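One chain comes next, on its own, written as structure tokens: the form predicted alone.
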Amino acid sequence: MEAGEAKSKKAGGSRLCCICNQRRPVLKRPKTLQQICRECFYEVFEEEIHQVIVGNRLFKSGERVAIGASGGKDSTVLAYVLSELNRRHNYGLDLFLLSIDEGITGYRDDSLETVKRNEVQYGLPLQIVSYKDLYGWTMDEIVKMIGLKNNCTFCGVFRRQALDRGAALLKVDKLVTGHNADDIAETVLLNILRGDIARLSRCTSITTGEDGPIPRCKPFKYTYEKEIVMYAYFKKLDYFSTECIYSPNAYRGFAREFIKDLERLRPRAILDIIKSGEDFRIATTTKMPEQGTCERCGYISSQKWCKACVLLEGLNRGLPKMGIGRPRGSGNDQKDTKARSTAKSIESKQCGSLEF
């Protein structure tokens, strides 16, 4: 009888949370494969992020910090968790939401409504900066001109600069983004495939741009995307889940699929790739781009003019392929030659309406 009871307890114990050993588990952590209950998941998820923040000294008391908010799961969870940790551990931060309106009908207009609700839910001031105001173009207009092939190049370049300009408007000390472990692992692979040594050397840094106007931090550097999704689901957070309508064929998507396949075979593959990126050492003889400023708009650039200025000039002159790769084929040789020669006159026009 006693042996039967012990066997029954053992069987029951195997179905309890491996941390508290009191409640039934509701999920298996992708990172550790631990079966844990909802309450313990909240605790370890938040504590891991807190340790990343403290261990890397991401913030100082009294700093103004902008959270890059798109309305998606990553930025929504980041805003919620950072607000909670700021109160719980007395970081002493002034937090703001910063959103970029790329001008994508049926996507960004809907996600911005989510961000506006988050503004009320979390009590954080919201600043919205639009491509139209900054550059005179929306992504809908850009795609109409250039098509779907290279539109992500425009959006990525413009968005990065728009975030910095928005942060400058808010007069913040730091900008935090919701880039998670999956994102960083994908970036490591992409930079290897592209042979981009300069970006590979800094893409795993938890803080970048320290020599620029506004440093950027990634508190989710070691946080798996799956756990962010589960946290948002269990907490019933209000977020927008639709993918961008212009990005189904983006090059990053191939790296993402490869990462997911690796994760299925080895859950720690994501962290292993990040660690590999951290361990890369560039030979001292390698010539790296020198950091400077764009002669037109004053933004950080290793060239005479920043990428945003080159792309914008192409759009304004009806030469949208200016600054995108190398020309191929003979059908558009004359137009491509004109685009290259036109780049020399870029300094004659201002880029955007906001100054640093």
Ligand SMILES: Nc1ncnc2c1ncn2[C@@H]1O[C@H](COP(=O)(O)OP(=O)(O)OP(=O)(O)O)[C@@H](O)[C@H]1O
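From 1 onward, residues are counted along the sequence shown. Note that the structure is predicted; figures quoted are calculated from it, not measured.
The protein also exists as the form predicted together with the ligand; that form is not presented, and the subsequent description refers to it.
Tell me, please, which stretch of 200-208, 67-75, 137-145, 164-172 lies within 4.5 angstroms of the ligand in the model of the complex when heavy atoms are compared? This holds for exactly one stretch, 67-75.
Classify residue 178 as contacting or not contacting the ligand in the model of the complex by the rule of any non-hydrogen atom within 4.5 angstroms, answering yes or no. Yes, residue 178 is a contact residue.
Can you check whether residue 160 is within 4.5 Å of the ligand in the model of the complex, heavy atom basis? Residue 160 lies outside the contact set for the ligand.
Within a 4.5 Å heavy atom cut-off, is residue 99 in contact with the ligand in the model of the complex? So residue 99 counts as contacting the ligand.
Using heavy atoms and a 4.5 Å limit, would one call residue 263 a contact residue for the ligand in the model of the complex? Contact with the ligand, no.
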